[in-house]
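For reference, the chain that follows is the form predicted on its own, supplied as structure tokens.
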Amino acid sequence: MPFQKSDDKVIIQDGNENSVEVYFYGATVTSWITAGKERLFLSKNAILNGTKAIRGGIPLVFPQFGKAEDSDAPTAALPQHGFARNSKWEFLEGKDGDNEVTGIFGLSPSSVPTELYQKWPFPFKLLYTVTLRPQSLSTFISVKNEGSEAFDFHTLLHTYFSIPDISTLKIHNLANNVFIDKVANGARDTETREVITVNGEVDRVYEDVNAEAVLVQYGDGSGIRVKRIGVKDVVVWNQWEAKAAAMSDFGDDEYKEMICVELGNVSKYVHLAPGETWEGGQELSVI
């Protein structure tokens, strides 16, 4: 059977050595295995009992990225990264097609914790589509405004990639893009490097990225192609040693084993009129 459902998650398999695991809490993808190899990072200290956002995999950010900078913004009262990752989603449907298997998940206001929804009380419907293929994983989110007034939102696929060694990591295709450097108090700059390496804390939001895909390359030349579909921004994040040690749900040295390359619309809010639907996502392909 391509779908193994339990009380807290569903495992989607294609009958070969490929699978994806999705927890209903946050609709968080926590594992993606191709050719018997895990491609995503999940902290050994991640909390999986639904009391805290899952540290690793692909958490979903909506309707606010980080904390709102404007105290008058409609999302200002929300916690870090909004409420989608802290809500229990519903597994709506599984589809077993030719050379692909798909799971569809949904979130509506009735499934959002009351204390969170009261802080952003707009009627909405989220659909999250996860499609497993032999050498790729696609994750798409759609946002529908089901109310009578427009609302603004951010959304992001906060993907944690498992990497052999941060010291040999290379990230390609972000040159000549403007970025916001959160480590430098939000300073704006332009990326001049053709190949990005990481040797300290990094937290950058690359705006309106010009390349269709970002390449996350490991020391042996293998890696993941991260293709944007309907989204504009790319976030690159690694908290490094000091911040890793301060996280209760993250191993002290695990920063050496992961990199976040996150796709979404976060540098500017998406404006959604009543009745309209926005869609966007990513395709992750093994290289």
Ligand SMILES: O=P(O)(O)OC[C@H]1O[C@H](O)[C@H](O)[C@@H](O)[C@@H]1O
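All values reported here derive from a predicted model rather than from experimental measurement. Position 1 is the first residue in the sequence shown; the rest follow in order.
Not on display, but discussed next: the form predicted together with the ligand.
Problem set entry | Non-hydrogen atom within 4.5 angstroms of the ligand in the predicted bound form for each of 154, 228 and 268 | No, because 154, 228 and 268 lack any heavy atom that approaches the ligand to within 4.5 Å in the predicted bound form.
Exercise. Which of 109-117, 91-99, 155-163, 168-176 has heavy atoms within 4.5 Å of the ligand in the predicted bound form?
Worked result: After filtering at 4.5 Å, what remains is 155-163.
Exercise. So in the predicted bound form, does any heavy atom of residue 182 sit within 4.5 Å of the ligand?
Worked result: Although the ligand is absent here, residue 182 would touch it in the predicted bound form, with heavy atoms inside 4.5 Å.
Exercise. Though only this chain appears here, would residue 80 touch the ligand in the predicted bound form if you measure heavy atom gaps against 4.5 Å?
Worked result: Yes.
Problem set entry | Residue contact check: residue 235 to the ligand in the predicted bound form, 4.5 Å heavy atom | Heavy-atom contact with the ligand at 4.5 Å: present for residue 235.
Exercise. Within a 4.5 Å heavy atom cut-off, is residue 65 in contact with the ligand in the predicted bound form?
Worked result: Within the cut-off, so yes.
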